[in-house]
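Next comes just one chain, in structure tokens: the form predicted on its own.
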Amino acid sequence: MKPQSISRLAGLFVLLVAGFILLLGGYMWLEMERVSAEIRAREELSARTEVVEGLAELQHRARGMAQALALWDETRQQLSFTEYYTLWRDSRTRDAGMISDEVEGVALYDKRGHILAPARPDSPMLDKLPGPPPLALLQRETSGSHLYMFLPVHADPDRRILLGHVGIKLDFTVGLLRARAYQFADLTHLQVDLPPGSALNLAQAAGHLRFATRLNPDLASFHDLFRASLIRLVIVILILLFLAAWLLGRLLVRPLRALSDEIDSLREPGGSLPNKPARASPLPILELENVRRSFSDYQARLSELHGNLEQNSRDFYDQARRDALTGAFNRRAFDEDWKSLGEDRRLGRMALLLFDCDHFKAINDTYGHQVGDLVIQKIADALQQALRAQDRMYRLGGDEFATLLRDADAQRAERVAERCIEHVLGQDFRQYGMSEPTTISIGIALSEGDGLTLHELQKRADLAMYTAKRPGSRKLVFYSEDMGGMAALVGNKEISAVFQAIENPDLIELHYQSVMSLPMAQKEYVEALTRIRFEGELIGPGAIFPIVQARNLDMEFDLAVLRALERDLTRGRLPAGQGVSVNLSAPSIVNAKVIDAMVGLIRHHPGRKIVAEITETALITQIEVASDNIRRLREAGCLVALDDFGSGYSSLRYLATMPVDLVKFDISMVRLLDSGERRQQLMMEDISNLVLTAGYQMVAEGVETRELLDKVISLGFSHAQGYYFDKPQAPA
């Protein structure tokens, strides 16, 4: 290696150190950006949670106003004698204080759902009810988005004599802003992602709202402080580094060079040492120690800031799982804790206690919602004091609470329940102007490690709590087997029907609709559509699947549907060789039990064409597991269809990631072909051409006219389905 001068080595060292400082600063900058992105993501999640809670509160307020109108004597008089209906609608409802200023319109409907008189031009109402009340709809109109709430009006307290229906119309944006305070969501420019003139249930509105998230001032301050500190630190280090290089050159390099020159001078003939030999000064190190100390101080400040950010993140996480009114854990925390009990959802030894405030609706109606909130807070505090420190309390609904006691027997559960009742009875509610005492009813369900599932334990606790609320019953009731016949009394009839259909698939009645092959329009197979026959009534999918999704029963219900389909095929309710398709939800397509049942169905009926239609693909998070299960179904001889394509539940992404055979275009996409706008028609044509070029067969849903059938044939659709061919019907 060729010897190098000390000045060149010192310069190279300075450059290397300077480069290292710049790389370190860049790395710390990237880390700060990553932490900021995580915080923003959590804030967006909190904002979405706030909006969902605001929707629930808005629906609660709208239902309260509609209920007050439905119970008003003047409302019943207008349904019987309509002479003064317009005066009552335009003046009396507001003069009597029955509706708030955010209500834009009120209307009454007869028993068939037709409006009594045309609505005012400045506040139009629907001429006909879109469905049986109670009903909460979000509708996109030219004047904006509005919330419609419809409730039945009865002539008697037992609600057996129907007089008609009452409906109110609220400005959706104003109502949502007034529903609650928003810490994270910025609803200033709230947008409703719905086509003009369309409507949907308010419970499904959260996925169609577009809004911004408020900027976090703490995060912005941290960002500015970090940037300024980093820049200043780099500048100070570089200055010190070049100063050290200058000092090195002045105090070391120059003396060494002078000494080298002096030594070289000795090589010359007659050379001699100077009178005062050069002496190299020692290198100072105090400046380097100051730099180290400055860097250490900066690292300490950065660690403190990082710790504060982690604490804020934990606070955000806790707030998203806490009920804002009572401070108890909310439904989201309850569901997460349920899932943590085990992947197979089989329970060990534990007790579930459900608490319900007696006559809470009467308290709200008599004393107002503000007093009702104070009562709920008081009850929550009393229950929390009665429970142990490690016991979690959840607020599941308006006046419903729950707690889970692990490793608890009947005696311990009873002691806890009695202590809760005593604490509530010991509260003084007279301070809120109430003269009567407030009590609670408790339903207790025990799991003795006998393999109960979550929904079975919840159902038992519901039955026990309902029994406790009956007149003359004890205020705490354990579930017993003789309560099984009361299942229809818990909640509404649809909830009971879903639970019983899961246990007894014979209650499931499958209706079938033809899927025609094109262009000859010949029946190729039928789609199985689910209904439930319960207490002499046929319950449709519009009532079934919201309950299934709310109770997380997708996998259990799909298994029951597969058993019902096996029943129809075994009993010959479908012609021999007739193909059939069945819908599988997003949670089911990643569940091994459902896939095993589907494969068993295929093997029991060899030679019969079976199609699995995957719905709600946007909810699938385990893409790899879903793809593996789809390949397993295809290897067993099953065709796989991507259902509801274009409705918001499916996207082009899943065509590229999941191995499907058919793509079912949603009715909303197919109807674009009948749209008067050429842009929408071109979009539909381009999308269908893209799917067809990718090698997929296409199925058009909602074909109701010959003209529409000709259009889908011209676009290359291989199958069609709709009322033009037939309607869903039960097999003979």
Partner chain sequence: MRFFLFLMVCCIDVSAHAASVELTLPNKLVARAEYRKGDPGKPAVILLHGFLQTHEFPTIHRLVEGIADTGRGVLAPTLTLGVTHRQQSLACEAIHTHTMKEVEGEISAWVKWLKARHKGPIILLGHSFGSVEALAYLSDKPDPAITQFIGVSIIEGRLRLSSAEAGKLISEMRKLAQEKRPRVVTHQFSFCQKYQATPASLLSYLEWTPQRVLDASAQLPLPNLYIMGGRDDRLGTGWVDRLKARNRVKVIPGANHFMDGEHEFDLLDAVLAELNQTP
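Positions refer to the first chain, counted from 1. Owing to the predicted nature of the structure, the values given are computational and were not obtained by experimental measurement.
Beyond what is shown, the protein has a form predicted in complex with the partner chain; the following relates to that form.
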Testing 587-595, 85-93, 423-431, 174-182 against the partner chain in the model of the complex with a 4.5 Å heavy atom criterion leaves exactly one stretch, namely 85-93
Answer key, the partner chain contact in the model of the complex at 4.5 Å (heavy atoms) among Ala244, Ala626, Leu126, Leu163: the residue is Leu163
Answer key, the partner chain contact in the model of the complex at 4.5 Å (heavy atoms) among Asp101, Glu481, Asp156, Asp122: the residue is Asp156
query: Quick one: does Gln77 come within 4.5 Å of the partner chain in the model of the complex, counting heavy atoms only?
result: yes
Though only this chain appears here, would Trp72 touch the partner chain in the model of the complex if you measure heavy atom gaps against 4.5 Å? yes
